[in-house]
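Presented as structure tokens, the chain that follows is alone, the form predicted on its own.
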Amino acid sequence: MANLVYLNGDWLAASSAKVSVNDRGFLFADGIYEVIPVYQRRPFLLNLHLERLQRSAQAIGLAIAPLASYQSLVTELIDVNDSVDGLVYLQLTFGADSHRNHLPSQPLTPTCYASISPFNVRWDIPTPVKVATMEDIRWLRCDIKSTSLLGNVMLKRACQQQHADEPLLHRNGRITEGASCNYFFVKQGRLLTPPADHLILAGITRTWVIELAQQLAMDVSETPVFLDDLMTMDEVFLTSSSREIQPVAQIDDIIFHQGQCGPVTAQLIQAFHTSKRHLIQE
């Protein structure tokens, strides 16, 4: 696979792509992004990703191009890199000013950057992981897919020190999400996930899993879940674009389904794999 990236209208080798030191994305993390999985040259749930990009842009007051132009950009990115399976990264910032200033001193031209990286697509049931509960230290607009990820990175590092794969975040005992994922819980056959409010980034995979569960006639509820509820759960799994559906074996000292993937989680994983096959065969 080639390694060409898109930057403000140009196709460049990744090592040659440069942005201004005065770019607001560099100085203030004043921008947004999306990560879009690609299976066999076909972007997965692209419209949902781009609609969320538009919502994030509107939330921060960033004027962006029509969504059709980003659809074309993703297609061209796949073609010029001859990518088969990959993860598209699309980032938009307010652009570069003449100097560092909290508020732009002049009208700016937004910076648009896109790249694609290899993606090892799974068709089996992933090994269940361990997660650790942590206080959610991030800002209160987690519904915006902002490039400002310092809090997420700090939590990931703290999680690594606890020999866990991902944090399970909470605010005063109410579970929100992970540093880079959403969580689902299974209780007596019922599927629960925290509501899509300002405290979480409602993942596109999260949205798709809810749709798959409804197609399977599962009882799905977007409702607050608390740390005190964990002992009553039968299964737990997390979702993200890069991990799809990942079973959770353990949260702190609590082990779920003997540390193995539970039946509801396994059913949803198989349904997710089927949806990928349908995309590829279209």
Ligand code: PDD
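Keep in mind the model is a prediction, meaning the values are calculated, not measured. Residue positions are given as counts along the sequence shown, with the first one as 1.
Heads up, the form predicted together with the named molecule isn't pictured, but that's what we're talking about next.
Contact check at 4.5 Å (heavy atoms) against the named molecule in the model of the complex: none of H170, R174 and E235 pass. Contact with the named molecule, judged by heavy atoms within 4.5 Å in the model of the complex, is confined among 138-146, 121-129, 96-104, 67-75 to 138-146. The named molecule in the model of the complex is not approached by F44, whose heavy atoms all lie more than 4.5 angstroms from it. In the model of the complex, none of the heavy atoms of I116 sits within 4.5 Å of a heavy atom of the named molecule. For S242, a non-hydrogen atom is located within 4.5 Å of the named molecule in the model of the complex, even though that partner is not displayed. Within this chain, H257 is remote from the site of the named molecule in the model of the complex, having no heavy atom within 4.5 Å. The contact with the named molecule in the model of the complex, taken as any heavy atom within 4.5 Å, belongs to N152 out of T133, N81, N152, T111. Only one of C181, L90, L212, L191 lies close to the named molecule in the model of the complex, with a heavy atom inside 4.5 Å, and it is C181. Although the named molecule is not shown here, in the model of the complex the stretch 184-204 places heavy atoms of L201, G203, I204 within 4.5 Å of it, in sequence order.
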